[in-house]
Ligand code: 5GP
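What follows is one chain in structure tokens, specifically the form predicted alone.
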Amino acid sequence: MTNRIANQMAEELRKASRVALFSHVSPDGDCIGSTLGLGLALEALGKEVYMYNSDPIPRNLGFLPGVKKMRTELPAPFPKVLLFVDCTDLQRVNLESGDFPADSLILNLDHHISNQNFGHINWVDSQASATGEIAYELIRLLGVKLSQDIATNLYTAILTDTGSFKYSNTTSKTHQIAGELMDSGIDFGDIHHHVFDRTPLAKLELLRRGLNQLQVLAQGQFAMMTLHKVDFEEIGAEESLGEGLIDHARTLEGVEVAALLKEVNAVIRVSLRSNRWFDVNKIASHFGGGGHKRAAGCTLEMPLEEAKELLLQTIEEELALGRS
């Protein structure tokens, strides 16, 4: 990212009277927190703002200020300026270029190394711990005061994508931004409680089933957890409750890479995590997905057992090459 790109994006948002914000399917704290933070900031500038996500908001994020403004229907009519937040490509929003007017101005704000730079203006910083960091910089550039509501959303974005500041993507800049957000008067203890300390019973049941189906493979270096469609149906659990379960596999002693495979309708959604050296973005990109070196995901259109075999073979081959 250059100052020119940042200033150009800010200028286009200043000029716009209407803006639509889009965030990715299977939303997490970073995409929702960043979207809401930016949306509230643009409203503070007097803009008409439409915030879209095709999937339900995870229940642990239901406390976020402005969350009821999120919509699951596309805007009609589309504003000219479309801001995509935390999205590597249009497919992550279940959209194609033909789904919106040809004269739309696409703004792309993201931190994923696998971002496809699909916008007319692309502010992509893979060194940022979360898109929430970049959203913070954009809001500062727009000259919007950090209200407690805006800061709560941005803090949640950063908190979730850094795993409470414990993941390797956390930098000194991350802490500096978090400190400024805390200085705005947010109740960071309450945020942490809502995000991490209110586990629904259905999620614990999903974890129990996932652990019952856990396999430790590749001489103990690969842990694979699976959840079948029937697991979600029998428990009455939405897919978002699978978020975070993969860490129970990743933290096993001796494990370098972990995978969670969720059977959702006719596809398999795969989450990948690694600990120290394995590049899971490389694996996810191979299957049309992406993310970061230590956290990535993809979707496989095949039966669950075939997906497990394919993923095991691919990861074993990469593990055999060893740490470079």
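Numbers follow the displayed sequence, beginning with 1. Every value quoted in this text rests on a predicted model; they were computed, and no experiment measured them.
If you look for the form predicted together with this ligand, you will not find it shown, but the lines that follow are about it.
Quiz prompt | Among the candidates Val255, Ala44, Ile57, Ala295, the residue which, in the model of the complex, approaches this ligand to within 4.5 Å (heavy atoms) | solution = Here the answer is residue option Ala295.
Self-check item: All of Thr226, Arg250 and Lys308 with a heavy atom within 4.5 Å of this ligand in the model of the complex
Solution: Not a single listed residue reaches this ligand in the model of the complex, so no.
Quiz item: Heavy atoms within 4.5 Å of this ligand in the model of the complex: which stretch among 32-40, 45-53, 270-278, 59-67?
Solution: Result for this chain: 270-278.
Exercise. Would you check, heavy atoms only and a 4.5 Å threshold, whether Asp149 touches this ligand in the model of the complex?
Key: So Asp149 does not count as contacting this ligand.
Quiz item: Does Asp125 make contact with this ligand in the model of the complex, using a 4.5 Å heavy atom cut-off?
Solution: Result no; Asp125 lies far from this ligand in the model of the complex.
Quiz item: Looking in the model of the complex, any heavy atom of Thr88 within 4.5 Å of this ligand?
Solution: Because a heavy atom of Thr88 falls inside 4.5 Å of this ligand in the model of the complex, the answer is yes.
Quiz item: Does any residue in 7-35 get within 4.5 Å of this ligand in the model of the complex, counting heavy atoms only, and if so which ones?
Solution: The stretch 7-35, when checked against this ligand in the model of the complex, contributes only His24 at the 4.5 Å heavy-atom cut-off.
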